[in-house]
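Take a look at this single chain, the form predicted alone, given in structure tokens.
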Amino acid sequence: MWRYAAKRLIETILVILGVTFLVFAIFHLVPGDPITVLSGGRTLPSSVETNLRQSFGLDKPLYLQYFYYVKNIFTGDLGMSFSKNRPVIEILKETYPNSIRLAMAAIMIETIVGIGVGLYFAVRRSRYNDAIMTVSTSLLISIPVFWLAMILQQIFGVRLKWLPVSGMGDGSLRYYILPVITLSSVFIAYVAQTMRSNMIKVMGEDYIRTARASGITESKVIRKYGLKNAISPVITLIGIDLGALMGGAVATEVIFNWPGIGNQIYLAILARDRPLVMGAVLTLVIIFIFINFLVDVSYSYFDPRIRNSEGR
């Protein structure tokens, strides 16, 4: 397992270095001069413009800018925000915990409801149940997130006045309910579908029939032999979802005015704040890659075939 983890760690570091290059290249190929954005479109005196370019390192060749960019990343320096005139890392420290809280709440709902629903409809198979499962999950997947969010706001916030429709307020549970439901709805459908199909496949295996023939109770067969072998792909899916959720769902955070990193990226794009957008995007990508690394290692723990294949 450790050999497999070391190999994945080296691959992860190489991917992160490649991502830094892509992020740097994409944002420097986008039309527009950062100094023009910083000045608000006004024409600056040549001396002031020269000083600004030197202070932000924009007077150096691109390869040197990239070198210092990577060097600063490893020291925790993501640059200064043009629109806020503050270090990007400070802005991310303020907004990212809010996205983490929202993501963890959504992933808990996704895991409990998704696995529970998928397991139930796999064990209780019938034409009626299969139809309910297919229609409900297809409906959740096909509904646009922004539309679902506005419908929830209209029903529970505007008409019934049960729940707040915007902001984080005092951080109480009431402010989490609508964003969490919106954020987890699509992922619940995917997890339920994956859990159901895997469980149906596993319950048809020969060793399940052998366990039943040996007199083991059905509940123990499901729990000890079925669930354990069917849940590995679901763990991978949940891990990938966690990476996406930790990255902040932009649409959900913008619609609910949630003070997270997704909303911050949206505002930074409107302000054309290149350092803030680059720092936020790079942070999201690194976290997503790191979570995938942890998922790969955990998957090798649950499935010994992966460790054995790597060893060979």
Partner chain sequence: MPKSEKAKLMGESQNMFNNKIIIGTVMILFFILFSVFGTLIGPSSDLSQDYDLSLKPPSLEHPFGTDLLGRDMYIRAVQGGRISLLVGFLSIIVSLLVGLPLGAIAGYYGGWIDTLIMRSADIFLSMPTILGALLIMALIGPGLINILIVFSMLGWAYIARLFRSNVISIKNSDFILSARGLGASGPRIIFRHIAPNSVGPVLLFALMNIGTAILAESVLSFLGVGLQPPVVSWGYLLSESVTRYMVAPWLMYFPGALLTLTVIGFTLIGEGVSSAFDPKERYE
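We call the rigid core the largest set of C-alpha positions that still match within 1.5 Å between the two forms. Positions refer to the first chain, counted from 1. For clarity, every value in this text was computed on a predicted model and none was experimentally measured.
In what follows, reference is made to the form predicted in complex with the partner chain, a form of this protein that is not presented.
K.L.:
Among 159-167, 215-223, 111-119, 85-93, which stretch has residues whose heavy atoms lie within 4.5 Å of the partner chain in the model of the complex?
P.N.:
Selected stretch: 159-167.
K.L.:
So in the model of the complex, does residue 208 come within 4.5 Å of the partner chain, heavy atom to heavy atom?
P.N.:
Although the partner chain is absent here, residue 208 would stay clear of it in the model of the complex, with no heavy atoms inside 4.5 Å.
K.L.:
Would residue 173 count as touching the partner chain in the model of the complex under a 4.5 Å heavy atom rule?
P.N.:
No, residue 173 stays farther than 4.5 Å from the partner chain in the model of the complex.
K.L.:
Would residue 271 sit within 4.5 Å of the partner chain in the model of the complex, counting heavy atoms only?
P.N.:
No, no contact at 4.5 Å.
K.L.:
Given that the partner is absent here, does residue 138 sit within 4.5 Å of the partner chain in the model of the complex, heavy atoms only?
P.N.:
Contact with the partner chain, yes.
K.L.:
Work out which of 235, 200, 177, 104 lies within 4.5 Å of the partner chain in the model of the complex, going by heavy atoms.
P.N.:
Comparing distances to the partner chain in the model of the complex, the residue within 4.5 Å is 200.
K.L.:
For the stretch 124-146, return the residues whose heavy atoms include at least one within 4.5 Å of the partner chain in the model of the complex, in the order they occur.
P.N.:
In sequence order, 125, 127, 134, 138, 139, 141, 142, 143, 144, 146 come within 4.5 Å of the partner.
K.L.:
Align both forms on the core first, then report whether residue 200 has a C-alpha shift of 2 Å or more between the shown form and the other one.
P.N.:
Passes the 2 Å threshold, so yes.
K.L.:
Residue 122: with the rigid core matched between the shown form and the other one, does its Cα shift 2 Å or more?
P.N.:
Passes the 2 Å threshold, so yes.
K.L.:
Compare the position of the CA of residue 288 between the shown form and the other one after a rigid core fit and state whether the shift reaches 2 Å.
P.N.:
Comparing the forms between the shown form and the other one, which are aligned on their rigid core, residue 288 does not shift its C-alpha by 2 Å or more.
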